[in-house]
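What follows is a pair of forms of the same protein chain, given separately as structure tokens and numbered structure 1 and structure 2.
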Structure 1
């Protein structure tokens, strides 16, 4: 096989990934032409670091979408975690935050388990099940903190909000998820269950267990997003996570994840998040009226999907 043929074959198989990064590149180029401040190290670092909770939430959403579901309670869960973090172990050193982290992870895992049970065992569709769950979680967040406040230990949040450590966290998380999806049985099962649950069942996979585990895993990521969010805000906020629900969904979809399940890549979701972030960033830098940002985001979403769906045809 010549190099060209091999490349074409490779491109065909990995088309989604290449396309989304081409789109990302396009956005970077347009943005850097539009504003000279865009392509500065400082700005690029900002784009990345201020969107870490968003990024991790989008990973969580992608995993849920991969198993053929959708999670509209991500935002509410993240708010809940920030509230927990801001009320437990608020003073003292690094280690004082540990109980909060532990409880957050535990709570999110339990919530993930509940969502999984509702969807698999009770057969309630993910959309409506997670919407209801998000109402309930929102209630609990308000019960813990009735308004933004509380305090996250400074010792703890310092390292969590520095650029380098955030970068390291993201890299580790990315590699872990990527490795999990590509090189473990569980990862393959996630794709299989989402792609065709009946086939997966007949291949001897316990579909329900995989789905529930997927929700639990996504729960862990949500907890992490919440912890990072709490650390960067140094406080809790019962409503702060709300916008992340639709944002994470949008980013996953821009990244090419399909609602029918079994299709999507973590590396594409990453690109989706960054594209989303760049749009906000460049519109801010240009000083465009905030009203137009809604329209830009809406059109981007439709635009990105239209391109991929036409290619799929």
Structure 2
């Protein structure tokens, strides 16, 4: 086999990854032309650090999409975690925050289990099940904090204000998820179930267990996103996570994840998040009103879904 043939075959297998990073490079070039401050170290660092919760939430959404679902409760869960973190163990150092962290991860894991049960055992569509849970969680968040407030200890928040710490956290998470999806039996089951659940069932895979496990894993990531968000704000907010629901969905779809399931790469989700963040960043640098930024985000979501739908046909 010639080098050219090998390269063509490799490109076909990894086409989505090459295409999304080519698009990312294009956005970087355009943004650097539009504003000279875009490529400064300070601005690039700001793009990354301010979007860490968004990045983790997008990973959570991608896992759910890969198993053929969608999660519209991600933002509400993140808001709930910030409220928990801001009202439990608010004084002292790291150890004082441990109860809040434990409860946050436990609650999100249980919620993930409930989503999986509603979808697999009761046959409720993921869209309806997660939207319903989102409304319930929103009520609990407001019962804990009816407005932004509370306190997250300074000692606990300090590492999350460090660019290096956030980079290490994101790198570890990325490597773990990438390894799980590409080199573990569970990762192969996720792609198999999302691609064709009937074929997966015929092959002896317990489809329901895989779907429920996927939602639980997503729950752990959501909890982590909420903890990071609370640490960065040093407070809780019952509505702070709301934008992350559609933002995580948009980033996943931009990255090539398909609503039909079984298609997508975590490295593409990363690129999708950065593209989304770059668009918001350049609009901020250009002084564009927040209202128009929401319009841009909505158009971006429509564009991403349209492209994905065309590719799935």
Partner chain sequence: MKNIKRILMVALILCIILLIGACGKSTKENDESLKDSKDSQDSGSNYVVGFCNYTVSNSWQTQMEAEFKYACERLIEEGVLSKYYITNADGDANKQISDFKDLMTKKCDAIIITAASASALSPVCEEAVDEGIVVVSFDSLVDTSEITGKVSCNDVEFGEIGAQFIADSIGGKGKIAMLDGIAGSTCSEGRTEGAMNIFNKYPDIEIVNQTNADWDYAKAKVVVEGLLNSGIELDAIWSQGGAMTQAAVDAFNEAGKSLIPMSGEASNGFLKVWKENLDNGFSSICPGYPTYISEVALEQAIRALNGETIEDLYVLPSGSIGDEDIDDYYNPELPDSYWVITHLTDEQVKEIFK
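In this text, rigid core is short for the largest set of C-alphas that superpose within 1.5 Å between two forms. Residue numbers count along the first chain shown, from 1. Predicted model only: the values in this text are computed from it and were never measured.
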query	finding
Structure corresponding to the form predicted together with the partner chain	1
Core-aligned C-alpha movement of residue 39 between structure 1 and structure 2 reaching 2 Å	no
Per-residue C-alpha change between structure 1 and structure 2, residue 22, threshold 2 Å, rigid core fit	no
C-alpha of residue 279 off by 2 Å or more between structure 1 and structure 2 on rigid core	no
